[in-house]
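Just one chain follows, in the form predicted on its own, and it is written as structure tokens.
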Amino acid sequence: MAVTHPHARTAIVRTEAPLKRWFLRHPGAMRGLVIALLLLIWEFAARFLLDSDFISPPSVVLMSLGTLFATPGVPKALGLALYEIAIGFALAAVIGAGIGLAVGLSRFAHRSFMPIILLLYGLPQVTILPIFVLLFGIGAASKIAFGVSHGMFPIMISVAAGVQKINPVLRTSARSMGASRAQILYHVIFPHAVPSFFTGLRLGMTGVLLGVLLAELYVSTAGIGFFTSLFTQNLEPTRLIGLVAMLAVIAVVLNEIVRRAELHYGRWRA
């Protein structure tokens, strides 16, 4: 029976501890390691286990991005999708935060309108897409409006819930010291609602992206939805995955903007 020397065991522990502490101090490195591992699994599976007619390795997708951007209409479609998502996200944030504040600040409004908001949020909105097309046409306006309809409800619910959780003593104390409504909103309500607001923004961004892409799939004749359907029907997985990757980049960039804004406006909580 082999016996491990105590000093050798101590050396192993000392070797592992700095590595563990390094990963704890650098969570981005762990995220990168996980992503790299998933890409390696994808690469191996696509090359040796799966049918190349339906899935392409990430290395092939990366090398073919030039071909994707050289496809007539694809760069314009990506630019239009970015425009629609950005405008829809901004409108969803303004509308959702405004209604969420109004509902959250009033107990009567919360009891009256929150059930209606939850009912509308639970409605499968793809079923009312034809109404948006009838109202706004088949252009960018219908995609933006449909994206707003997906993104504003998570923001409303998060903001209303965040405002409801604020200790009423804080508002009463500020009012007793002569603070105006605007001052209470800016110095008491807004700082305490920041976490809920940005949680809603993250969920709302996903909703806007989903709404815009759904409208593109059903309505567009030259946008991202059109090319997604085209590449799928023509069994072109490389260009299809490349297009999806570009949409993922757009989502990551918007999410990073929201994250940095949250760090900026919520730094006082540290």
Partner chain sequence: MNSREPLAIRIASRGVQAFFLLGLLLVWFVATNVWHISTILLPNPLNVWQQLIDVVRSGEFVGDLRITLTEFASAFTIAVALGVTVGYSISRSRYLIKVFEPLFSAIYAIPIILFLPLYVMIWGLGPPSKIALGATIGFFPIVLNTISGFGSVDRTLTSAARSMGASDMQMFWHVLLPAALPIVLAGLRMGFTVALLSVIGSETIAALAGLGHRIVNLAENMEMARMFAYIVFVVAIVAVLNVALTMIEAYARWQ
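Model, not experiment: these values are computed from the prediction. What we label the rigid core is the largest C-alpha set whose atoms superpose within 1.5 Å from one form to the other. Numbering follows the first chain given and starts at 1.
Note that the form predicted in complex with its partner chain isn't included here; everything after this is about it.
Peer 1: Within 4.5 angstroms, counting heavy atoms, which one of the listed stretches 188-196, 170-178, 95-103, 121-129 is next to its partner chain in the model of the complex?
Peer 2: Careful reading of the contacts points to 121-129.
Peer 1: Report yes if all three of Arg31, Ile116 and Tyr218 come within 4.5 Å of its partner chain in the model of the complex by some heavy atom, otherwise no.
Peer 2: Every residue of the spot touches its partner chain in the model of the complex.
Peer 1: Can you pick out, from Leu214, Val60, Leu39, Leu203, the residue that has a heavy atom within 4.5 Å of its partner chain in the model of the complex?
Peer 2: Among Leu214, Val60, Leu39, Leu203, a heavy atom within 4.5 Å of its partner chain in the model of the complex occurs only for Leu214.
Peer 1: Using a 4.5 Å heavy atom cut-off, state whether Lys76 contacts its partner chain in the model of the complex.
Peer 2: Outside the cut-off, so no.
Peer 1: Taking its partner chain as it sits in the model of the complex, is Ile138 near enough to touch it, meaning that at least one heavy atom pair lies within 4.5 angstroms?
Peer 2: No, Ile138 sits far enough from its partner chain in the model of the complex that none of its heavy atoms falls within 4.5 Å.
Peer 1: So, in the model of the complex, is Phe54 in contact with its partner chain at a 4.5 angstroms heavy atom limit?
Peer 2: The answer is yes: Phe54 has a heavy atom within 4.5 Å of its partner chain.
Peer 1: Test of understanding: in the model of the complex, would Lys165 fall inside 4.5 Å of its partner chain by heavy atoms?
Peer 2: No, no contact at 4.5 Å.
Peer 1: Even though the chain is shown alone, can you say which residues of 212-237 have a heavy atom within 4.5 Å of its partner chain in the model of the complex?
Peer 2: Read in sequence order, the residues that approach its partner chain (within 4.5 Å, in the model of the complex) are Leu213, Leu214, Leu217, Tyr218, Thr228, Phe231, Thr232, Leu235, Glu236, Pro237.
Peer 1: Once you overlay the rigid core, does the Cα of Ile55 travel 2 Å or further between the shown form and the other one?
Peer 2: Yes; Ile55 is a residue whose C-alpha shifts (by 2 Å or more) between the shown form and the other one when the cores are overlaid.
Peer 1: Please determine whether the C-alpha atom of Leu213 is displaced by 2 Å or more between the shown form and the other one following superposition on the rigid core.
Peer 2: For Leu213, whose C-alpha is compared between the shown form and the other one after core superposition, the shift is less than 2 Å.
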